[in-house]
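This document starts with one chain, in the form predicted on its own, laid out as structure tokens.
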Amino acid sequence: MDRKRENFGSRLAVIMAMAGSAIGLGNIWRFPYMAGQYGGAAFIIVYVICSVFLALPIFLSESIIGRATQKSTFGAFRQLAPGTRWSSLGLLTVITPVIILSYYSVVGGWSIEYLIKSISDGFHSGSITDAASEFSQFSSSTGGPVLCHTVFLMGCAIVILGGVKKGIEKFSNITMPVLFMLMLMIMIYSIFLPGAGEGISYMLKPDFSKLTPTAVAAAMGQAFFSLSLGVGTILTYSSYVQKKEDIFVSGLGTAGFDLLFALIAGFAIMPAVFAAGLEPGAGPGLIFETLPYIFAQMSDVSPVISSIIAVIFFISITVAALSSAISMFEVGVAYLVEEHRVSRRKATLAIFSFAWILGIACSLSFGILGEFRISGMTIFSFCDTLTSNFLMTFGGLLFTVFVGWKMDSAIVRREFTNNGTLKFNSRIYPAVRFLVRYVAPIVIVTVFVTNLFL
């Protein structure tokens, strides 16, 4: 007999948990940088369109599969397509998030180190080169990054051990509102800094001349990756959603929270970057090199305010990283608990061990394993490229093709409309089905080809 399955307690809990999965480090550094690089408000408009016509159909596809079966990714495909290769392909969405968790926890560990530094020692004035050098020295060392990576994973494991209601739901319900409030505080402070106007213009001023095909593809990719699509996290969380909930509303709520947070993060970071007279940079360098330099400059004027803002910022970074990592952790745990009948404790230990070992290799690729290459890339870069550019997009394609073409259309309609009781959902169902069957797969292939050649 199947074990009694836990469910999220309310619609708000569903949205908070899924928003926690979606909101991560990419919202904080990647979205603001890309918005400015590709036309500001023009990019944001394209991003919103892509969220509706690309991200939301994939989100709904995962949600429909998860709630219809109330099973993990592998079990869901096995139930809906028994005796076919779909179930074995379901393993892809178990392996992918665990690989992501492995290297993501390395970056999460860096956020813990910088949170501790902001509390204990603070950031001291110097050049941007000094800040970059300090980060390089830390990330390329051995003991510190591995220890922080371990602590970060342990934090994820503690939440996962609590289960769905006492672990994931409780963590999300507390941390998501706090995360929004913290980022709002930083945003308010940032936009009133002298010289912040250029950063605000950087985010808001539409420049359609920069809206090239590459920019459109970037908006597609950002919409896709920002909601943690294609890796089974939404499917797994949806399997804990009660049948009475409206998955369309949950999807809109999650996408809305994700976009709102990305915009808040943009207005929290970019005005400060420009106020300091710096050019915005992409990647972790914006978080661990540029912003510590800005905090150091602030400390010359007001050490107390600088320390407070730095602590708030790195708490936000750590919480955002944890919320996303927890959702990836849960995919593997749910698979082991349901398919191999092991306890949640043993499943958590197994996923922790795999992610910990691979994560150590990823961390050391910045140092003593830096010369070890896979297809010309470090271990960290290889894992990132493999999952972000290929496995995630293939997973998204898998979900949309399955729901659009393989899955029983009666089940799809039933889950989307709650057996026809949701009248609005019933009216828009044909349009949603068209997006899932035709539009989303074409756009996903476009993103995949763009990643392949660029």
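One-based numbering along the sequence shown. Heads up, when I say rigid core I mean the largest set of C-alphas that superpose within 1.5 Å between the two forms. This one's a predicted model, so the numbers in the text were calculated from it and none came from an experiment.
If you look for the form predicted in complex with phenylalanine (PHE), you will not find it shown, but the lines that follow are about it.
Participant: If we define contact as a non-hydrogen atom of the residue within 4.5 angstroms of the partner, is Ala22 a contact of phenylalanine (PHE) in the model of the complex?
Facilitator: Residue-level check for Ala22: yes, a contact with phenylalanine (PHE).
Participant: Check whether Ser228 has any heavy atom within 4.5 Å of a heavy atom of phenylalanine (PHE) in the model of the complex, and answer yes or no.
Facilitator: Taking the distances in the model of the complex, the answer for Ser228 is yes, it comes within 4.5 Å of phenylalanine (PHE).
Participant: Can you check whether Thr233 is within 4.5 Å of phenylalanine (PHE) in the model of the complex, heavy atom basis?
Facilitator: Yes - in the model of the complex, heavy atoms of Thr233 and phenylalanine (PHE) come within 4.5 Å of each other.
Participant: Does the 4.5 Å heavy atom contact test between Asn27 and phenylalanine (PHE) in the model of the complex come out positive?
Facilitator: Asn27: contacts phenylalanine (PHE) in the model of the complex.
Participant: Partner absent here, but in the model of the complex, which of 199-207, 98-106, 176-184, 138-146 has residues with a heavy atom within 4.5 Å of phenylalanine (PHE)?
Facilitator: Within 4.5 Å of the partner lies stretch 98-106.
Participant: I need to confirm a contact call. Of Leu60, Met392, Leu54, Val403, which residue comes within 4.5 Å of phenylalanine (PHE) in the model of the complex, counting heavy atoms only?
Facilitator: By the 4.5 Å criterion, the partner-contacting residue is Met392.
Participant: Select from the listed residues Ser111, Ser72, Ser324, Ser363 the one whose heavy atoms reach within 4.5 Å of phenylalanine (PHE) in the model of the complex.
Facilitator: Only one option qualifies, and that one is Ser324.
Participant: Is the shift of Gly167 between this form and the one not shown large enough to count as movement, that is, does its C-alpha move by 2 Å or more after the core is superposed?
Facilitator: Comparing the forms between this form and the one not shown, which are aligned on their rigid core, Gly167 does not shift its C-alpha by 2 Å or more.
Participant: Is it true that Gly221 shifts between this form and the one not shown by 2 Å or more at the Cα, once the core is aligned?
Facilitator: Shift at Gly221: 2 Å or more after core fit.
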